[in-house]
Ligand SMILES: Cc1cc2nc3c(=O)[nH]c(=O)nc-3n(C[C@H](O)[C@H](O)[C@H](O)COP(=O)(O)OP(=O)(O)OC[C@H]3O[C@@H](n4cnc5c(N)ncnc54)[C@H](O)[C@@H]3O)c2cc1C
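Next up: just one chain, as structure tokens, the form predicted alone.
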Amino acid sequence: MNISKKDCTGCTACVNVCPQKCINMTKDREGFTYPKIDKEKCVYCNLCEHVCPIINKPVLKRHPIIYAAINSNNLIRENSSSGGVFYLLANVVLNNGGVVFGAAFSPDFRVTHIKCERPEDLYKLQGSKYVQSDLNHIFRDVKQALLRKIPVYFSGTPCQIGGLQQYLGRNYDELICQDIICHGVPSPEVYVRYIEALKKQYNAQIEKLEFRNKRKGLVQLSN
């Protein structure tokens, strides 16, 4: 791929499209993941370059229609980072037989994109997570659902949305994309070390992590 590391967003579009499975996401010293090509397996099909949103700049809609909204349910708003609108939209998609993709915490509080198929599981996707999400091969799951005419709601950063749209290669009426306004993410390695430092300092395990709960602090610990 003819792109420098400083321009790469780590969207994983190239990883998902590679027919030889010779591209893998690897961590640098700060914990950010970038694609690495196994040149011995590469057949130089150039599909990775065709789906790269940095090489192929997307055409942007210059005059979007803008709405302001808030969820009227107090409990949902309390469990959300902002106005709880994501929960409303995701619920509509699920209740119409669709699936929702978004960022969730793993048991060890790593951030990864998952597929949600039940309204009762939406809580996993609520709340801000200010760290690079592991997309793994989630774009393939999105495409498989769309090819089966299943409605899809995908929430992610603009870079992730751009990578998904380039990977899909065309518009789908069944796809709803929600960009999260993003100014960049902090070092994942710093994030991991901070969690480990807290556990060591308090000799406790982390039960819950919230990035925007200013009243209770960043994490809740249990002895």
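Not measured: the values here are computed from a predicted model. Each residue number is its position in the shown sequence, starting from 1.
Keep in mind that the form predicted together with the named molecule is missing from the display, and what follows is about it.
- With the named molecule left out of view, the stretch that reaches within 4.5 Å of it through heavy atoms in the predicted complex is, among 176 to 184, 56 to 64, 35 to 43, 194 to 202, 176 to 184.
- Interface residue among 103, 152, 116, 138, judged by heavy atoms within 4.5 Å of the named molecule in the predicted complex: 103.
- Residue 129 belongs to the set of residues with a heavy atom inside 4.5 Å of the named molecule in the predicted complex.
- Taking the partner from elsewhere, residue 91 is found to have every heavy atom lying beyond 4.5 Å of the named molecule in the predicted complex.
- Taking the partner from elsewhere, residue 162 is found to have every heavy atom lying beyond 4.5 Å of the named molecule in the predicted complex.
- Taking non-hydrogen atoms only, residue 212 approaches the named molecule to within 4.5 angstroms in the predicted complex.
- Residues are counted as partner-facing when one of their heavy atoms sits within 4.5 Å of the named molecule in the predicted complex; in 62 to 91 these are 80, 81, 82, 83, 84, 85, 86, in sequence order.
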